[in-house]
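A single chain, nothing else alongside it, follows as structure tokens in the form predicted alone.
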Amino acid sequence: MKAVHVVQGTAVPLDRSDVDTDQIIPSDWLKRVERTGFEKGLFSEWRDGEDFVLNDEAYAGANILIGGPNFGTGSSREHAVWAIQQYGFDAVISPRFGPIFKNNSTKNGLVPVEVSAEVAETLMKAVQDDPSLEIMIDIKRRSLEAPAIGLEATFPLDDSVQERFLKGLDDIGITLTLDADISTFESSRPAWMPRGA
């Protein structure tokens, strides 16, 4: 995965609570064998409605998604994260995330920014009023800012997750940082034991 230090841009205000993974990417899309093309399925059952926020040209090109409380609840499917990323979002802001969705996000490079309900509501309203509002998410500082409205907040991010983002490490990348130790261990194993390739 690519390193993420700062996410800066505009946002889409998805003013709905309890958005589950089946609403993010309906189960019909889980039959795909490829890991691409999921952006077409993002909120596909809602996108048929003309008034759905992703259909509003005012939010075209936004790279941050603002959701209501309990975003990403429901079943475990990485496809939900893939769909959000492939649509063009680099971060999701919410007062609360489903734990499995949040974990899947951090392992795939999608930044889950968990803020207080008050901060989320303020930001949601501000973006609804002004779709061009610039937002900056700083991974190193664990901060969220919208300077035009004087909003500054921090968000929790485990040290190990912060390191994942800053260094661009997925699970395989983390394992590869231990390559020398693995090689040393493998070279010292008795000959009769199985060996890695």
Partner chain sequence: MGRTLSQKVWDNHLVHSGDGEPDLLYIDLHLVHEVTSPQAFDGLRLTGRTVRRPELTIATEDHNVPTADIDKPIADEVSRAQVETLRKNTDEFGITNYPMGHPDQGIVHVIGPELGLTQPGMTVVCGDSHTSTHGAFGALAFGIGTSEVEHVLATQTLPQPAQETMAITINGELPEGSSAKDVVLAVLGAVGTGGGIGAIAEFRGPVIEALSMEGRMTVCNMSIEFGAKAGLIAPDQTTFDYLAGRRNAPTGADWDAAVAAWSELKTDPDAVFDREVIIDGKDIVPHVTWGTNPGQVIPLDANIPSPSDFSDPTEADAANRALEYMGFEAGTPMKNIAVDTVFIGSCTNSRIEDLRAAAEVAKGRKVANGMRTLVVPGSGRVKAQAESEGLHEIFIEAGFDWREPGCSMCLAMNPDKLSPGERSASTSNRNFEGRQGRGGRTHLVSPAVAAATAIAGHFATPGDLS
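Bear in mind that the values here come from a model prediction, so they are computed numbers and not experimental data. Positions refer to the first chain, counted from 1. Rigid core (definition): largest C-alpha set, two forms, superposition within 1.5 Å.
Below, we turn to the form predicted in complex with its partner chain, even though it does not appear here.
- Proximity of Lys125, Glu145 and Gly150 to its partner chain in the predicted complex is absent: no residue of the three has a non-hydrogen atom within 4.5 angstroms.
- With a 4.5 Å cutoff on heavy atoms, Asp129 does not count as touching its partner chain in the predicted complex; it lies far away.
- Proximity of Trp46 to its partner chain in the predicted complex falls within the 4.5 Å heavy atom cutoff.
- Interface residue remark: Ser116 is not counted as part of the site for its partner chain in the predicted complex, having no heavy atom within 4.5 Å.
- The closest heavy atom approach of Asn104 to its partner chain in the predicted complex falls within 4.5 Å.
- Shown without its partner, the chain has Asp158, Asp159, Ser160, Asp170, Asp171, Ile172, Gly173, Thr175, Leu176 in segment 150 to 176 as residues with a non-hydrogen atom within 4.5 angstroms of its partner chain in the predicted complex.
- Ile172 is among the residues whose C-alpha shifts by 2 Å or more between the shown form and the other one once the rigid core is aligned.
- Annotation for Asp181: C-alpha shift of 2 angstroms or more between the shown form and the other one, rigid core superposed.
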